[in-house]
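Just one chain follows, in the form predicted on its own, and it is written as structure tokens.
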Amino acid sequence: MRILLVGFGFLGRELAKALRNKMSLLIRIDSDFRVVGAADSKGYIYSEDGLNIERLSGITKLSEHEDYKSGREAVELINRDLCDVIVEATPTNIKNGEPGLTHIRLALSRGIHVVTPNKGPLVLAFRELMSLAEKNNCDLLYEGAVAGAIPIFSLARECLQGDKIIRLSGILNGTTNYILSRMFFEEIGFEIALKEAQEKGIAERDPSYDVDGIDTACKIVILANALMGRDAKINDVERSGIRGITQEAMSLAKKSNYAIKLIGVVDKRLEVSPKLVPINHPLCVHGTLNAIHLETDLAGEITLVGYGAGKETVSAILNDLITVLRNRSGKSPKKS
């Protein structure tokens, strides 16, 4: 299969390195596997015979590549049916989903499979995109869009096929979990913990997307729609962030053997808010870890813990890509 990487930021670059390292595995699944193109916001590189993956994985910007075509767009490659799968890894935009939404819509409408960690299009148009994928016999997989390396959608799709998920809750944002963990263990205030997170590169200069619960709300919408058959929108989520959490409140919680965590919940209603979590509860993880707690009718309670952002997300993207290859080739991957 011919693969097109759309977006060559941090995740795109890390994925290129992973594809280089896992190429023998991928070729065993699909002997015709090749990365034919890579695009960023200002241009692309393309080769029908496949790009040199060593060369691609060794650059930090696509414009460094000698075959880079400036002023060209990924939609050109998608429109000309020059790929079989796109990995859409452009920056998340929850206002209008662009440019990812256009890329995904166009690919699916042309029968091209899509793997994406991009939350924006899924938050805004989940049902539309899934219907488009089904109509055109395409795979649309998005494991990397929620909780990074935690295989929540794969678990539900493959291992809980007979289960009904009754309730879901989770810590879905590593930045807020880091801040609250520092407040819990070091007994420092919110502003100091936030500044520390920014200095370490864990929090953005404008941290509102994380600390006000917007990121978690986006993930709750995707989880509700994908795992529980909802048709939720971002405005359906009752949301409050962590700016109001004081050191005094955290200390009182700690004395009672609780921690305060920003929790997203899918139940009868969708909610994101700080909650008291018993320190011995499996959901009570610290640092930048994420955790998702499922309550099902047959399996009972299941908790998954892992890293929700960063290079670990590449594991989820690669797994989705392997799933597409396996679905279309009929082969199961065997590790060396």
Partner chain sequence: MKFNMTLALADKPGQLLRALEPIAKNGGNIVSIIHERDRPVEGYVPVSLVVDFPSHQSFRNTINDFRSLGIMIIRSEELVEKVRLTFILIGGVDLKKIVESKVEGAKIIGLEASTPRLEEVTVKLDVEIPAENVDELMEELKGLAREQNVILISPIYP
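Residue numbers count along the first chain shown, from 1. Since we're looking at a predicted model, the values are computed, not measured.
Keep in mind that the form predicted in complex with its partner chain is not shown, yet the notes after this line are about it.
Only one listed stretch (27-35, 60-68, 41-49, 291-299) carries heavy atoms within 4.5 Å of its partner chain in the model of the complex, and that stretch is 291-299. The listed set 206, 248, 81, 98 contains one residue whose heavy atoms approach its partner chain in the model of the complex to within 4.5 Å, identified as 248.
Checked against its partner chain in the model of the complex, the residues 231, 199, 186, 238 give one hit for a heavy atom within 4.5 Å, which is 238. Contact check for residue 166: every heavy atom lies farther than 4.5 Å from its partner chain in the model of the complex. The closest heavy atom approach of residue 263 to its partner chain in the model of the complex falls within 4.5 Å. For residue 287, no non-hydrogen atom is located within 4.5 Å of its partner chain in the model of the complex, even though that partner is not displayed. Its partner chain in the model of the complex comes within 4.5 Å of no heavy atom belonging to residue 192. With respect to its partner chain in the model of the complex, the three residues 271, 274 and 281 uniformly fall within 4.5 angstroms at the level of their nearest heavy atom.
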